[in-house]
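Single chain ahead, written as structure tokens, the form predicted on its own.
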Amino acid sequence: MIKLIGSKKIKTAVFISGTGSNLNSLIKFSKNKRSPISIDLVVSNSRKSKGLKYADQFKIKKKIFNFNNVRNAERKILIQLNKDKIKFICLAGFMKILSKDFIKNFKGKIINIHPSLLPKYKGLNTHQRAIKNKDKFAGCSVHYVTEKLDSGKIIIQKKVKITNSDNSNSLAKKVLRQEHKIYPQSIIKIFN
């Protein structure tokens, strides 16, 4: 894995599509002395991504890429990542699937947070599926990104109890609180 050189933090890009709550959590974590990363770039596939406000708030460079042509978008992203000397990527609610070729460029250097206890419930609608199947627990997983969707080696998982009163929204909120904790923990685990 990537090793820290001296006390220099690893230049990291965070890819988002939505509200950016994990981005916000990662930015705050990156400001901590113990954090092995600095967030130098926020990438989004949507101008409407509410999370872009955190890039503005913390004065982090942000770039929006149109994914109508995936190959073209990925080529432009790779150029940007090289230009900014990015060495590590955190996917935080990024709703586009990256190609094998893109992943090869950053093999073992892309991680993702997923709102289920993988390998259960890969893909979307994880909370509804957990409730529908009457699971006792839901949760979240931070894992390495590989060519197969939500299938890379798991770094950290956290369980959340599903109560009888839970619906997909209340469960999503409970899981999200844990996501904000385990994403930074995973990064510390990777670089220590």
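Please read all numbers here as calculations on a predicted model, not as lab measurements. Throughout, we count residues from 1 along the sequence that is shown.
The same protein also has a form predicted together with ligand GAR, omitted here; what follows describes it.
Within 4.5 Å of some heavy atom of ligand GAR in the predicted complex lies at least one heavy atom of residue 95.
Although the partner is absent here, residue 90 is not a contact residue: none of its heavy atoms lies within 4.5 angstroms of ligand GAR in the predicted complex.
Although the partner is absent here, residue 20 lies within 4.5 Å of ligand GAR in the predicted complex, judged by heavy atoms.
Scanning 167-189 for heavy atoms within 4.5 Å of ligand GAR in the predicted complex gives 176, 179 in sequence order.
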